[in-house]
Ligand code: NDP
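Below you'll find only one chain, the form predicted alone, shown as structure tokens.
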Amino acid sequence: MDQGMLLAGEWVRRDRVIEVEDPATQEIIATVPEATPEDATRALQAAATAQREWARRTAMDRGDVLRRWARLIEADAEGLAGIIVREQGKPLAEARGEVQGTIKFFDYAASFDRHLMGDVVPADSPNEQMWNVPSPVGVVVAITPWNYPAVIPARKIAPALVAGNALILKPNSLTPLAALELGRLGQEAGVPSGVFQVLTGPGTTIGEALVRDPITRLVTFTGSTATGKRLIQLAAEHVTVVSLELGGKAPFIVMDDADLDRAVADAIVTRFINCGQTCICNERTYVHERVAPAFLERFVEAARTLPVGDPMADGTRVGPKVSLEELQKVEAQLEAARSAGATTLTGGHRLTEGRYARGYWMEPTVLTDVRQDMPIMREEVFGPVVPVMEFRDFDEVIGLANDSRYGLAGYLYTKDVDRVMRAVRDLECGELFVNRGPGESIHGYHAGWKESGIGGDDGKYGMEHYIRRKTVYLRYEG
């Protein structure tokens, strides 16, 4: 399938194309254009023109467009889920959940159409009024990753547009098809030409061209910490605002009073969902020494029996890695851990035989005999590999959890409310899940601390990134 990109209201093709591969079969399922820097300039100019008229429409009009868009996604839910599975590789059940999250983000953002409020504040002088007026930022560039190719764009598109901005989406080249499908449905919903565009191409050329242009007033990015740092440098040239959700190394803490059945079940989901390719995954499991043997026995058995296979098949829990390059990264990290003394309790190898002869498959893997100073405990591992380490007391594990350059998410399993409150106070992370697995609410705030990012998405605090405030001083004759 030769797929165009959405540029200034038109579906545009280019001679140079990018191949989109099914990671379960290595089949080329589509080609998309490789946009040029000239395409980026054209898109930005179209967005700037369209945004002025879009911002002049009432917020209620904009909200109605988003609601129509949500209903069209709802009607296309099964088709969109199939696209996600084929280009990204997650199991169909997870893809269906991603589509439902996409719909929720559009509906939730639309509800802000009557809640983009300012203030009237007391003036210092008589016969004056002061207003604080919310205004759109202008042109927004969203650069999104491959692991959630529909819902992460949605959490940026919807709030940006209801606030009166135009948005140019640059999806990852591994998974551009879901973003293009959102563009098609947006056109059908009545999004004006130029208000939402999708450019496909490498981040090093198209992404950087979009970020460096002075027309861009906000860059919202989800992806690696290294790329986020690069975008900060580029955006500084024109003092462009950036909102970055970057890497994570989430600690999963199991205390000696935890409900072990729940902790084991959630640790499995939190590590192996989307083949471990989730920024808030259980990246390092810390288990109290008193319950470590019982936890490990159950956890290893659960990991060993996870169904790995065709992501379109019922019952599959783990699909393929998204690409050969990503698989090789995880293999290298695993080999380094073994060389440093880690022990493999289950898994640890690429799957290549029989039904795994094509595609990028890895066994769910559990490691022990790890140390805090090992790279496997310090660097993000975007794959189905989890190190497990014992600890002795609560203060020790809080120190271990915070001993990281990342601070995106954390997990704590305990029945002791004192420990819960101390963790709320002391853990250095933007999200804390207590006695439950992952999954943010659309009205929460998804944000990272330290090198996991600046700014964030979702809820009323996420909406603040898409508006700026204008203070008006009005003098009148008394």
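In this text the structure is predicted, and so the values were computed from the model without any measurement. In case it trips you up, residue 1 is the first one in the sequence shown, and so on.
Keep in mind the form predicted together with the ligand is missing from the figure; the text below concerns it.
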(request) With heavy atoms only and a cut-off of 4.5 Å, decide whether Arg230 touches the ligand in the predicted complex. (result) yes
(request) Flag Thr204 as yes or no: does it have a non-hydrogen atom within 4.5 angstroms of any non-hydrogen atom of the ligand in the predicted complex? (result) yes
(message) Using a 4.5 angstroms cut-off on non-hydrogen atoms, would Thr270 count as touching the ligand in the predicted complex?
(response) no
(message) in the predicted complex, does Gly383 come within 4.5 Å of the ligand, counting heavy atoms only?
(response) no
(request) Assess the spot marked by Glu21, Ala81 and Gly89: is the ligand within 4.5 Å of a heavy atom from every one of these residues in the predicted complex? (result) no
(message) Using a 4.5 Å heavy atom cut-off, which residue among Pro251, Gly348, Pro387, Gly247 comes into contact with the ligand in the predicted complex?
(response) Gly247
(request) Quick one: from Phe106, Phe196, Phe221, Phe299, grab the residue that has a heavy atom within 4.5 Å of the ligand in the predicted complex. (result) Phe221
(request) Pick the stretch from 336 to 344, 95 to 103, 375 to 383, 122 to 130 whose residues have a heavy atom within 4.5 Å of the ligand in the predicted complex. (result) 375 to 383
(message) Using a 4.5 Å heavy atom cutoff, which residues in 402 to 421 contact the ligand in the predicted complex? It's fine if the answer is none.
(response) Leu408
